[in-house]
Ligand code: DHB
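This document opens with one chain alone, in structure tokens, the form predicted alone.
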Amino acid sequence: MDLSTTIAGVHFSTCLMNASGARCVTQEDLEQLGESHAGAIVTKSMTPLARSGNPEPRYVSFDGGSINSMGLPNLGYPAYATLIPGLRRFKKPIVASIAGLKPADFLEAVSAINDAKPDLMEVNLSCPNIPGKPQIGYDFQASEELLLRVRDLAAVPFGVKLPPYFDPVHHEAMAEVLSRVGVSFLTVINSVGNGLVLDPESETVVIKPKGGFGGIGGRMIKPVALANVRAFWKLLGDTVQIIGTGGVETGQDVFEHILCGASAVQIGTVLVDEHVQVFERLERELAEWLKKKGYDSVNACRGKLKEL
């Protein structure tokens, strides 16, 4: 069974990879991804300076999903620029995820990471967990201005990681932006921002930052993730590859993302819960689904979702 895919001309031996943010902060994390069945190594979204992130507890799994307010803990882009060349020994694509607290941060990171020569750059416009900082991805004009500047600097193909959109008008507006700024792929979706999970026994919220508000991930956000994958697939077709993210726990979930139009799938909550061994399980389950449905490859069923 052929589980490989191609994104922006880069070959991935399997369509499964980690979502930026899930077990990808430290050198040890990244090397474990390299040694695993993951089809790529995606770095933590990096900022100019190292960040310890928000106070703990800041991540909690619950039945049906997870809530987090991590606050972008990362080593800083100078550290990742040093680490990336050494990760090439794993012979799989490296995706450098770029973030920032202001536009200049993104541009500094792109310039610094160019020299490390990752295969792709993912520009994260959708971190919902920095107190006082809005998600750029909900400001279409600001997104376009930033991505045009990134386009002028990036030495490798770049894409964007987007927040969830809930209105077709917003899908259309962002698709128009993406068609003008030269992105090669998009990752949808980041966590659903500003959810609230509480413990009724103790009558408290379960995470400390932001009064308990945080990004929701895991099984419960799969319908939102699939809707965003499908909406952008219908708007952009094959002009931009889509990496589906959100709600993936099983091979069936991966299959559904691909049916909606995803070329690859990232995993977050289940990777945190099961560690890197999860990739081997998901590969096996996806292959079983493809065989069951009569497909011999990931590409054969991509975007084949039928409408009534």
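Numbering starts at 1 and follows the sequence shown. Computed from a predicted structure; not experimentally measured.
This protein has a second form, the form predicted together with 3,4-dihydroxybenzoic acid, left out of what is shown; the following refers to that one.
- Relative to 3,4-dihydroxybenzoic acid in the predicted complex, residues T43, V95 and V123 are all farther than 4.5 Å at every heavy atom.
- Taking non-hydrogen atoms only, C127 approaches 3,4-dihydroxybenzoic acid to within 4.5 angstroms in the predicted complex.
- By the criterion of a heavy atom within 4.5 Å, M70 is counted among the residues contacting 3,4-dihydroxybenzoic acid in the predicted complex.
- With a 4.5 Å cutoff on heavy atoms, S191 counts as touching 3,4-dihydroxybenzoic acid in the predicted complex.
- Between 29-37, 242-250, 43-51, 257-265, the stretch whose residues reach within 4.5 angstroms of 3,4-dihydroxybenzoic acid in the predicted complex through a non-hydrogen atom is 43-51.
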